[in-house]
Every structure is written in C-alpha cells, then in structure tokens.
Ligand SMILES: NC(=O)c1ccc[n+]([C@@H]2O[C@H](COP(=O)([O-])OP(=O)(O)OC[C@H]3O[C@@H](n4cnc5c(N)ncnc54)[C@H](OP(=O)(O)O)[C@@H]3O)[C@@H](O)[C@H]2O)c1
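A lone chain, given as structure tokens: the form predicted on its own.
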C-alpha cells in the first residue's frame, strides 16, 4: 500500500500537565510490510494517563522516555491491512501498541514486552473493549480489587477517579463480589453515571462540602481504598479507612506532572502515623499481572450483565492532543477515553 498518512509526534517535553501544543500532527509515508510483518490500519487509540511518564525531559519513573520528533506511543486497536505473516490475515482485528498514527508496520515475532498483537473476535464484544474492560484497564481493575485489595463480600471499597476507565470497572467488580462500592468523581454528571453503573454511593470531590459528603457515604469506614489520584482526595479518605484496610495503589494523577518533590506542606509525617495507627497495607501494582484470568472473569460478568463498559470516544486523529491533555485538567469524559481514527471496516 502506497501513499501518505498522518501521525502525532511529540513536539516538546511536558512541563507539568501536558498541553495540546506539546504535540504536532505530521505527514509520513505509509510503510510497506516486509517478511513476516503486517501492516496495521489504526481504528482506536487509547489515551492512557500513564503515557505522561514518557514525556518528562529527565526520566523520573516509567519504562521509557520519548524524544521530541518521535511518534506518540500508546495502545491501539487496529485492522490488518496487509500481511506477510501466516498467523495474521487481512481483515483481522488486533490490539497492540502501534502508536498515534493511521498506519504502522509490526513484526509479531519481534514485538515489545507485551508480546505480539492480540487477535480480537468482534463477535464476542466490541473491539474497542480490548482497550478498556477487556484490556489493560480491566486487568488493572481486577488486580486491584481481587488480588491486591482482596475485597470480600460485605466489605466497603472507596474508589478515587471512579468515573475513569479503571475506576468504573473496579466498582462494578466490587458489586459483582457482593461488596459495597463508593465512587469519588468530579461533577454531578460523573456521579450520576456511576450510580447508573450500580455504585452504592458517589461523592463529588469538586463540591465545597466534599469532606462531609465522604463521611456520610462511609458511615462505617472503608476496608479498601482503590487509589488513583493522590492529593487532597487521598488526604480526605485516609482518616476514614478502617484498621487493617488495604490500599491498592494504581495511580496518583494529581502528581504526574510533579517531580520527586512537590510543593509543601509536607503531609508525610501524618501519612506515616496513619499507616502505623491503622495498620494500613499499601501496595503499588501493575494490572498486567491479572492476565487472562482477570479478562475471563470480566467477560463472564459482562455476559451476565453485571459489568458494563462505558466509553467516551472523540473523533479523528487530530483530536488526540487536545483530548489527551484534557485527561489532566478535569475533563468530563466517562469510562475509557478513546480516539476513533478510522471506521472499523474498510
């Protein structure tokens, strides 16, 4: 296949929260697949917050650091447009990490640490769910609730960033396990969406009486705190955790644009006292460890109607920079945030 395509490149390292001007859309030739390679036509791009870790000029955390001029990294769902590999046929749908561009050539035998592109069956679920409920966010939610949080029936879990891709699934998993789920989100619309998903209670962290709302939603405290945010939200949650509570630490988006030392005051002494006094168990984790077991469990709950997969889709590759930047500035999206680059069928 010959011709030109569009791709999003990093223009400048992010200073604090990313801005749309940190990225640029450029033209590039559509690559040709070589021996045992496949050409992928991008359908959906996932705007994962963790991509932010690759955008610091000095590597602070994460597995990689991008250089200005490089094509933006990230998970995608694509369709095979041309194939020189026996395991992939033209028309197959796959999930992988082919980046923010319209086309990319992938060598399945030489794929990154996540392995070769995962083939998808559109008859089982919408292919977009491979980037959400039946992908990394679903695995992360399962890992945090089931394996790290060890949530039991009758217990209470409180989830920050509950309207996001991970939090919205985590709350539904909690309900499927027979637990009580309390979601923290920003704004009345997000809180309403969470209640529609089955959350027992929701709390608006933007409300002036947030702390009072949180206490009212947790009259008997919380046994698990699924941490996605940090900052003032976590400071409000900590005193309400029960003794022996577990705190799966999935993210800390309030600090993604901050280096090793943020602005004062220093809350670490109080945090340490809380850990000791309450016997808190805190563990950072990566969702990929949930593996296929987690995805199979979520697929089963989806078939039973216990887990739904909210998605927010913005249209066109050119929308990616602004949409990604909005992740860090109080956006109104519910569930998994995706960019639709092309229709699902040629």
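Predicted, not measured: the structure shown is a model, and the values here were computed from it. Positions refer to the first chain, counted from 1.
Keep in mind that the form predicted together with this ligand is missing from the display, and what follows is about it.
Trainee: So which of 271, 252, 93, 210 gets a non-hydrogen atom within 4.5 Å of this ligand in the predicted complex?
Mentor: Here the answer is residue option 252.
Trainee: Just give me the single entry in 134, 224, 77, 166 that has a non-hydrogen atom within 4.5 angstroms of this ligand in the predicted complex.
Mentor: Of the candidates 134, 224, 77, 166, 166 is the one lying within 4.5 Å of this ligand in the predicted complex.
Trainee: Counting only non-hydrogen atoms and a 4.5 Å threshold, tell me whether 228, 285 and 336 all contact this ligand in the predicted complex.
Mentor: Answer is yes for this spot.
Trainee: From the candidate stretches 293 to 301, 65 to 73, 24 to 32, 48 to 56, select the single one in contact with this ligand in the predicted complex, where contact means a heavy atom within 4.5 Å.
Mentor: Only one stretch passes the 4.5 Å heavy-atom test: 48 to 56.
Trainee: Would you check, heavy atoms only and a 4.5 Å threshold, whether residue 331 touches this ligand in the predicted complex?
Mentor: Because a heavy atom of residue 331 falls inside 4.5 Å of this ligand in the predicted complex, the answer is yes.
Trainee: According to a 4.5 angstroms non-hydrogen atom cut-off, is residue 101 in contact with this ligand in the predicted complex?
Mentor: Residue 101 lies outside the contact set for this ligand.
Trainee: Although this ligand is absent from this view, report whether residue 185 comes within 4.5 Å of it in the predicted complex, heavy atoms only.
Mentor: Residue-level check for residue 185: yes, a contact with this ligand.
Trainee: Taking this ligand as it sits in the predicted complex, is residue 190 near enough to touch it, meaning that at least one heavy atom pair lies within 4.5 angstroms?
Mentor: Flag for residue 190 set to yes.
Trainee: Scan 119 to 141 and write down, in order along the chain, each residue with a heavy atom lying within 4.5 Å of this ligand in the predicted complex.
Mentor: Sequence-ordered list has one entry, 140.
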